[in-house]
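We've got the same protein chain twice here, in two forms, each standing alone as structure tokens: structure 1 and structure 2.
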Structure 1
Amino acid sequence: MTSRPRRRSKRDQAEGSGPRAPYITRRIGTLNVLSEEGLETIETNADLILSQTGMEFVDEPEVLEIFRAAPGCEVTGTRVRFAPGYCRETIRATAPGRYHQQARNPANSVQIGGDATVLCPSWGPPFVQDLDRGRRYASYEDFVTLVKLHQTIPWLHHSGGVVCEPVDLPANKRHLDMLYAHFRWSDRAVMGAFIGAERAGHAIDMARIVFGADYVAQNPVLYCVSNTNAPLVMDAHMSGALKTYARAGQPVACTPWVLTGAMSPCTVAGTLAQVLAETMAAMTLVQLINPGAPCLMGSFASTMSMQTGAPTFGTPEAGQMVLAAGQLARRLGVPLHTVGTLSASKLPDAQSQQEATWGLMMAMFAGANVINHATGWLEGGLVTGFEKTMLDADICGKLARFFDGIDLSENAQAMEAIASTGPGQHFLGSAHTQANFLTALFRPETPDNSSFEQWQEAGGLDAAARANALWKAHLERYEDPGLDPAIDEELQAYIAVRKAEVPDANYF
């Protein structure tokens, strides 16, 4: 495993700030929306779904055999039904509530669970967008650029996974190139490939090259998301990857992805019961495969327009669902994985930022431990926006500062400064202000706080135009974290062998 001290960036040096925090430590409590009675109602209903309706696990005979051998499961065809309370008991008995995912730079390793929150960038869009070139299919060049851009943002803690879908590479092989880009151009924690057991195995092989096989056997170094096919189905692509990561002791976020009214009931309470049932069934599978393997309760529950069927984000109901999911995860004793700055907007505009702010705030107040899509997400997940990445980064930074809580140190109380300044005077020139002005107040990068005349003279730029200049400035100060040449060579050799094994194909 490569290790090097974290170099202070030019921005750090200019502002006089210390090294970036590897994750947020929340010092402000969660916001609870369900009473004890309400929580028990949702849990009872989830048990009814699991025991009476059950869940389908398709095209994976081994998964069915695992469930068939478990005392609390009944398997009929591809349908698995669970005895009431069995999933909860199994998860509580062995699933860890807190662990660390290691980064190749140890200073960037992240805590998953407890009072820690890890912010990850956008995941999965096939398109990218910026003001210069507009909306277009993403390329591998875009992918590498985004990895580098994310590396420069101090409020992101994770390099992520498919930060955009590089459609210029063969679909059946591009996971190798994407993981290589994360390991080469970032030194933060990464996600692994998770469409099918084979791709998951490739990711683990590459992690063993970077960290060493013995180290990977003892430590989480990758992060996997296994989505259900709501309602109440898990296919072989997801369960195959889940099995592979669970056996390797790597974290699996068991995440139902639902739109209320289409993939779940149109009510919040009904959706919560289904989400809890699906995630508990998947987490139970993780624990049956490898008791003690790290897993997370996942919740990607949003709403849809009942007029058009289009996905909607930043809604009151979506906020209620993530806040309740946080309560349910804490009762299970597992970390919560959810989503952040989602938006249906086509541009980095007022809609995109209203929806983004609401979504990320609700996830933070839910006590989420890992928040995917914390920057860049546009058009319901079809687009990663460069300008929106920078606008969202400011939201991430503001919330990180907010959840630090109020500093009550002697310096922060400022009693000496108040006494020495006295009535009717100002604090602008006081020694206390001079000593603290660099760090006392959060300074976002994208807003313009100048006078109208100054703003107009500088070009009258709106927030999106300022963000356009900002992401380019960030890339100019990107610092290559480096990678041991021997590890780099071994990674590239491994990729070449895997690619040569099968012909190119533009399908998964």
Structure 2
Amino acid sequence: MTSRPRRRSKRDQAEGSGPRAPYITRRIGTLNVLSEEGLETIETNADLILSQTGMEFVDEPEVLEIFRAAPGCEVTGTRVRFAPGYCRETIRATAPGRYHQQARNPANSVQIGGDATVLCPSWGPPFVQDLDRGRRYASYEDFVTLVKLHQTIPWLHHSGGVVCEPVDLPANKRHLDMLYAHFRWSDRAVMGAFIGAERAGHAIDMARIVFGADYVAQNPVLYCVSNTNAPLVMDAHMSGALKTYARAGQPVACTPWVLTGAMSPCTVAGTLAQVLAETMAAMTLVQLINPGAPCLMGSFASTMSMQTGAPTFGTPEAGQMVLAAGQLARRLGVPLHTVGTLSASKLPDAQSQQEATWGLMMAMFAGANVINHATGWLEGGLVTGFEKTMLDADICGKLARFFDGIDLSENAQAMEAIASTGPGQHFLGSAHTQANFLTALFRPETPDNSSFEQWQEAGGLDAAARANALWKAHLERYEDPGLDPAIDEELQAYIAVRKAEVPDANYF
């Protein structure tokens, strides 16, 4: 494992903001939306769904065998029903509430669970967008550029996974190139391939090259998101990856992805019960495969337009659902994985930031432990936007600072400053202000706070145009974290072997 100490960038130093925190430690509590009685209603309903309707696990006979051998499960064909309370008890008995995912730079390892929140970049979009070249299919070049850009953002804690789909590479092999790019150009924690057992196995093989096989056997080093096919189905792509990571002791975020009204009832209470049922069934599978393996309750519950069927984001109901999910996860004793700055907007415009700010704030107030899509997501997940990434990064930074809580030190109380300044005077020149001005207030990068005249003279740019210059400036100051040449060579050799085994294909 490479373990060179992390260098603080020149920018960090200039900002006087102290060393970068590897994750957010929340010193402010959570916001609760459901009463004890309300929570019990949702839990009872989830149990009813699991015991009466049950869940389909398709195309994976081994998974059905695992359930068949468990005392609380009844398997009929591909349908698995769970005795009321069985999933909850199984999860609570062995699923850990807190663990660490190691990064190849130990300074960037992240805590998952407890008061920690880990922010991850955009995940999954087949398109990228920027103001210069517009919207276009994403390439591997875009993928590498995004990995580098994310590495320059102090408020992102994770290098993520499919930061965009490099559609210029064969669909059945690009997972190898993507994971290589994360290991090569970032030194933060990474996600592993999430589609199918075979690709998950490749990711674990590559992690063993980077971290050493013994280390991987003992430590979480890959993070996997496993989605259900709501309602109440898990396919072999997902259960295959899930079982591979679970066996290897690597964390699996068991994440129903629902649009209320289409993939779940069009009501918050109905959706919550279904989400809880699905995530509990998947977490139960993790615990049956490998008791004690790290997993997360996942919730990606958004809404849709009931008029057009289009997915919608930043909505009141999505906010209520993520806050309720936080409460439900805490009662299960597992970390919560959810989503952040989602938007249906096509542009890094006002809509994109109203929806993004709403979504990330709600996820943070929910006490979420891992937040995917904390930057960049546009068009309902079809696009990773370069400008949006920078705008969203400011929300991430502001929330990190907010959750530091209020400093109540004697210096922060500033009683001497108030007494010596006195009524009607200003604090600009006071000794207290002079001593604190470098670190006193958080400084986001995208806002323009100047006067109208100054702003006009500087070109009268809107926030998106400023963000365009900003991501380029970030890329210019990107610092290659380096990778041990022996490891690099071994990774490339491994990838070459895997690629040679099968012909290219443009399906998964």
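Only a predicted model underlies this, so the values are computations on that prediction, with no experimental measurement involved. Structure 1 provides the reference sequence; residues are numbered from 1 along it. Between two forms, the rigid core is defined as the largest C-alpha subset superposing within 1.5 Å.
Between the two chains shown, which is the form predicted alone?
The chain shown as structure 1 is the form predicted alone.
Does residue 168 count as moved between the two structures, where moved means a C-alpha shift of 2 angstroms or more after fitting the rigid core?
After core superposition, the C-alpha of residue 168 moves less than 2 Å between the two structures.
With both forms fit on the core, has residue 416 moved 2 Å or more by CA between the two structures?
It does shift by 2 Å or more.
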